[in-house]
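Just the one chain here, the form predicted on its own, laid out as structure tokens.
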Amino acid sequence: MKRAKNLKGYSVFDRLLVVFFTLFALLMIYPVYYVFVGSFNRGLDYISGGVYLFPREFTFDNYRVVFADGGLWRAYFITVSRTILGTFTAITFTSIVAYAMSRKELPFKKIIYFINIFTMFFSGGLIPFFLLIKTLGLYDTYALYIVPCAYSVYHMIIISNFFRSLPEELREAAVLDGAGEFRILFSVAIPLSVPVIATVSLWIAIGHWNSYFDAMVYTSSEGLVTLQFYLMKLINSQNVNVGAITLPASVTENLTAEVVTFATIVVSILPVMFIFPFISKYFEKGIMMGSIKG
């Protein structure tokens, strides 16, 4: 029996799904909106509560403090630079390994593949890794953010599956033209794999952008603090850092650590919010083609 349709051609179940996912989306969006609203409210007024949808006492003072904080911008630079350099390094090195693993003629391929898979399920743990970082001379250095993240087995599997799905005739034509393996990789394979490369690159970039644990455990220098680690310390702090800016007493009296932290969070997420829409279109195509082909 046909389901009862409303005037717009949707069943009752379809309408319930729309309501459910609309409420779910609002639940995901509201925490970000709540932080955004709080970042524009005066601190002492915010403490009294009741600020949910709009700032009750609107002010830019919280952002004035954030923009004057030299430690924040230093952490911002570290995070932005590690995100760009780390993503480029990781996607380049992982793509090279993925291309090699996608070739049937690779010697000892099964053994290499087994070793890679083994590392996905077993690791030495935090203390052995810490000792390894110290032994390699990476402790408290900028290279700590790049070298350990230069390769991912999971990303390699996705990219290699995509490479394996490319027409073999293209590689044969390139070989006839005298192209070597690196030339084939960078001139043929990667240009034809933009969806999966963009998808994996975004995963890597978000991982670098959100990282704080490596800065917390493997560094001791203030000059290597990442944005998320700086933000975590700010959230746990009960003091307001007014930086180098001179503010009237009436302004500083209204500042609280909570609203300044909200403003810092907003500043920290803006780059991701602006970049994500331009790359998100590759998600579905890149993930599907990189996972089901093989």
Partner chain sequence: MEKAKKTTKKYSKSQWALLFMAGLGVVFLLVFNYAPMFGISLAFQSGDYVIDVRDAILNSEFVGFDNFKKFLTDPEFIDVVVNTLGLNVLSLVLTFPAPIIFALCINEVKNKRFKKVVQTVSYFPYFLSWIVFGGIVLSMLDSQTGIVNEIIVKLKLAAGPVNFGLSEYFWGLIIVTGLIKGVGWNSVIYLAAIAGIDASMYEAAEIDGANRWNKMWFITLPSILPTITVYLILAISGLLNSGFDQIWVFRNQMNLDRSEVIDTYVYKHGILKNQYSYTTAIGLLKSVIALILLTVSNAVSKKIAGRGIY
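Numbering follows the first chain given and starts at 1. A quick note: this is a predicted structure, and the numbers were derived from the prediction, not measured.
Another form, the form predicted together with the partner chain, is not on view; read the next lines as being about it.
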Next on the checklist: Counting any non-hydrogen atom inside 4.5 Å, which residue from E181, D140, E172, E222 sits next to the partner chain in the predicted bound form?
Outcome noted: E181
Item to check | Triple contact flag F54, N161 and L166 to the partner chain in the predicted bound form, non-hydrogen atom at 4.5 angstroms | outcome: no
Checklist entry - Taking heavy atoms only, is F93 within 4.5 angstroms of the partner chain in the predicted bound form? => result yes
Item to check | the partner chain contact in the predicted bound form: E105, any heavy atom under 4.5 Å | outcome: yes
Item to check | is_contact(G124, the partner chain) in the predicted bound form, heavy atom dist at most 4.5 Å | outcome: yes
Checklist entry - Would N116 sit within 4.5 Å of the partner chain in the predicted bound form, counting heavy atoms only? => result yes
Next on the checklist: Using a 4.5 Å cut-off on any heavy atom, which residues of 11-49 would contact the partner chain in the predicted bound form?
Outcome noted: S11, F13, D14, L17, V18, F21, T22, F24, A25, L27, M28, I29, Y30, P31, V32, Y34, V35, Y46, I47, G49
